[in-house]
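Before any questions on binding or motion, here is one chain by itself as C-alpha cells, the form predicted on its own.
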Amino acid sequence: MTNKEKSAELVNKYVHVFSCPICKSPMEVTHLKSLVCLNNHTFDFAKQGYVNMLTHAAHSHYDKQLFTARREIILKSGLYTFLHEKISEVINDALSAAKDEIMIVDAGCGEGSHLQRILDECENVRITGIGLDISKEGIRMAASNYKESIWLVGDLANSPLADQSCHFILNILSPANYKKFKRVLVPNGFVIKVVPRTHYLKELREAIFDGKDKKVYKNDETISLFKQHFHLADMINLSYTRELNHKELTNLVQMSPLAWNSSKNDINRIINQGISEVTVDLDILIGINKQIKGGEE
C-alpha cells in the first residue's frame, strides 16, 4: 500500500473531524484518493501522504532548508526535550479514561517534529495527531517522515476541521487564531500554547543584533489575550540552558526567524562567534475551552 493510500485510510477512519473549507459541509474519502464534500469540493491526497486543503495560494518565509534545520534541532539536539516531556505530562494528566479516541491538533506544526515527539512521549494509542500548517513544504516533510498522523496544508483562519472535533490544540511558538480554536475544540477541551519569555534564545538575539540595545521582549499582552478567550488552568515556566555544538548552532540560526533579515555574511559571523550554549525560556499556557449554558463563557 502506498503512502497516499495509507494516509487516505487513516483520514477515512477519522473523517468525521473534517469540514469542507469552502462550504463547511461534511466530507468523505473516495477511492483512497480524495477528500470530497457533499457539494463535490475535492481535495486530493498527495503521494507523500498529506492533503492540501488551502482554498487560496499561500506564501511563506519557510523553505526546505529551514524545515530541515528545524527537524535536526528538535530531534537531535535535545533543545526542546523538557518542553516535549512537560506537554505530554499535561496531556496524559488531562485524559479521561472514558474517552475512546483523542484528537490532538498541532496548529502551525511546521515539519511535524514537535507533534511527533509529544506523541512519542505520551505513549497513548488512543491519541491521533493532526498537523496543520499553511506551508506545503513543511507538511510535505512531515508526511514523508511521520506516517502515523494526519497532515494537512491548511489555513487557521479557514480551518478544514469540524466544530467540536478536537480535544487538544497545540500551538507551539506559532501564531494563533483563538476564535477558530474555540470552534473546533470540544467543550472543556484544552489549548496548550507555548510562548517565549524574555530570555528565550538570548545568546542568539545578542549575536544577531551585535550587542545593540533592543527593546526587551515581554509576553504580557500575549498571555492577557489568551486569558480573554480561555480559562487559564495553569501556566508553566521552563527556563534552562543547553549546550550546542557548531552544527547544532548552525541549524538553530538557519531555522530562526530572528535571522530572516540577516545577510549570509552576518549569519556566518553569528555562527562563528563561539556561542556554546543557548537559553530556553518559555511559558506553557494551559487553557480550557469553558462553556456555559446558552453559549461560550
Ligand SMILES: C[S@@+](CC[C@H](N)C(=O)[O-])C[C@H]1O[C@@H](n2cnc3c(N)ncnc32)[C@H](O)[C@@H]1O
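None of these values were measured; they are calculated from a predicted model. Note that residue numbering begins at 1 and tracks the sequence as displayed.
The form predicted in complex with the ligand is left out here; the points below concern that form.
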- Task: Using a 4.5 Å heavy atom cut-off, state whether Y62 contacts the ligand in the predicted bound form.
- Result: yes
Contact of K193 with the ligand in the predicted bound form (heavy atom, 4.5 Å): no
> Is there a heavy atom of I134 no more than 4.5 Å from a heavy atom of the ligand in the predicted bound form?
Replying inline: yes
L156: heavy atom within 4.5 Å of the ligand in the predicted bound form? yes
When the ligand is placed as it is in the predicted bound form, are I74, C109 and S174 each within 4.5 Å of it, taking any non-hydrogen atom of the residue? yes
Of 31-39, 265-273, 44-52, 62-70, the segment with heavy atoms within 4.5 Å of the ligand in the predicted bound form is residues 62-70
